[in-house]
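Okay, here we've got a single chain as structure tokens, the form predicted on its own, with questions on binding and movement later.
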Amino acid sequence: MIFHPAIMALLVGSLLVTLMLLYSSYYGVQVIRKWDIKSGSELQLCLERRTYLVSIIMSYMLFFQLASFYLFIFTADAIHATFVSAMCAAGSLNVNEYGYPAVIIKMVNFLFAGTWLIINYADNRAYDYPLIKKKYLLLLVITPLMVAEFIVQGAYFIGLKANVITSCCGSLFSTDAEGIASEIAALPRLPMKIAFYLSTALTLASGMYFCLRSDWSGYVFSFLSIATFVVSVAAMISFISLYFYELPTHHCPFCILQKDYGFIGYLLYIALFGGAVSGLGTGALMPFRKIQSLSQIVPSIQRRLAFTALILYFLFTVVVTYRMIFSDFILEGY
């Protein structure tokens, strides 16, 4: 099982990302302690050259980290036929106790990696690298999370055994089962619809306001973006999935990734996670708008990020709403 090409790619990629992060963190401690852009010392020149190299390498590594989330879900779905009773990635991830923790930590690292890439991009646009200590501090926060991901993901793949009996998504995401997934599936649908459309509307409105005014409202937009992300994930399980499957009891958020549904799940999750990272990045850059070398750079980047988040969240909402309106499935009483 471990020699599956996608599994090998994930394990090797995760190992490389972890090793590079450990090295970058070690180097980052030196930058945090000794960086002085005004100094012309040999140490400073050495730090500057190495920073440029590390920045480029980490950009590629963290871009892989973003892609690895989707590759992980794709792999879990692709191997589901190996396990008895599994119908999709939900069953594959339930083969051992490390599957779902790996998904959660990869989601968290996706958001952190995206935020670091945004801060790094802004920092590299300025002539004096004013955010270099801050982005290395963030890297020190990300590193233990990436190490944890490497360990948990490795334990999951190493622990996979063919022909193991697992639970199908119908039982895992059933309203009658026990656990967080079943509790989310059992959330009342009408209030969840209201929460989904209200949070989306507030996010879109605040994003448009920020694009026009480019002021403190960036904090509000960033907060609402993350709130909409959380609500949308819950809504996918609670009621959105029902319209795609046209079944009143099928709440699985993974079957939607399969060919039977036109792989539409990938479009939805790319839009959802992309919108969350763009919105989070907008807020992450807010404290740096007053730095002289970034005063003209950051607002421009923020407007592009906010516009990207608006497009992606709007796309997610349009696809979901279109399906709800034109599906033959009618959710009675809701």
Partner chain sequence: MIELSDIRKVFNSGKPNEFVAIDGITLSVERDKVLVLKGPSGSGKTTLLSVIGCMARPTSGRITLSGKEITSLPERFLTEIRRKSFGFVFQQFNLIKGITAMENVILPAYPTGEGFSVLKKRALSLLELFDLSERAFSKVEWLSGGEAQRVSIARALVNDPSVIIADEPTAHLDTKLSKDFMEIIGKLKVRRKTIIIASHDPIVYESAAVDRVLEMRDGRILSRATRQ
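Positions refer to the first chain, counted from 1. Source: prediction; values computed, not measured.
The following text describes the form predicted together with its partner chain, which does not appear among the structures shown.
Chemist: Within a 4.5 Å heavy atom cut-off, is Ser295 in contact with its partner chain in the predicted bound form?
Modeler: Because no heavy atom of Ser295 falls inside 4.5 Å of its partner chain in the predicted bound form, the answer is no.
Chemist: With a 4.5 Å heavy atom cut-off, would you call Arg189 a contact of its partner chain in the predicted bound form?
Modeler: Arg189: no, not in contact with its partner chain in the predicted bound form.
Chemist: Report whether the minimum heavy atom distance between Tyr129 and its partner chain in the predicted bound form is within 4.5 Å.
Modeler: Within the cut-off, so yes.
Chemist: Answer for Arg33 alone: is it within 4.5 Å of its partner chain in the predicted bound form, judged on heavy atom distances?
Modeler: Although its partner chain is absent here, Arg33 would stay clear of it in the predicted bound form, with no heavy atoms inside 4.5 Å.
Chemist: Answer yes or no: in the predicted bound form, does its partner chain come within 4.5 Å of a heavy atom in every one of Tyr209, Leu212 and Asp215?
Modeler: No: none of Tyr209, Leu212 and Asp215 comes within 4.5 Å of its partner chain in the predicted bound form.
Chemist: Among 270-278, 283-291, 305-313, 41-49, which stretch has residues whose heavy atoms lie within 4.5 Å of its partner chain in the predicted bound form?
Modeler: Only one stretch passes the 4.5 Å heavy-atom test: 41-49.
Chemist: Let me know the one among His250, Lys193, Arg125, Lys134 whose heavy atoms come within 4.5 Å of its partner chain in the predicted bound form, would you?
Modeler: Of His250, Lys193, Arg125, Lys134, the residue with a heavy atom within 4.5 Å of its partner chain in the predicted bound form is Arg125.
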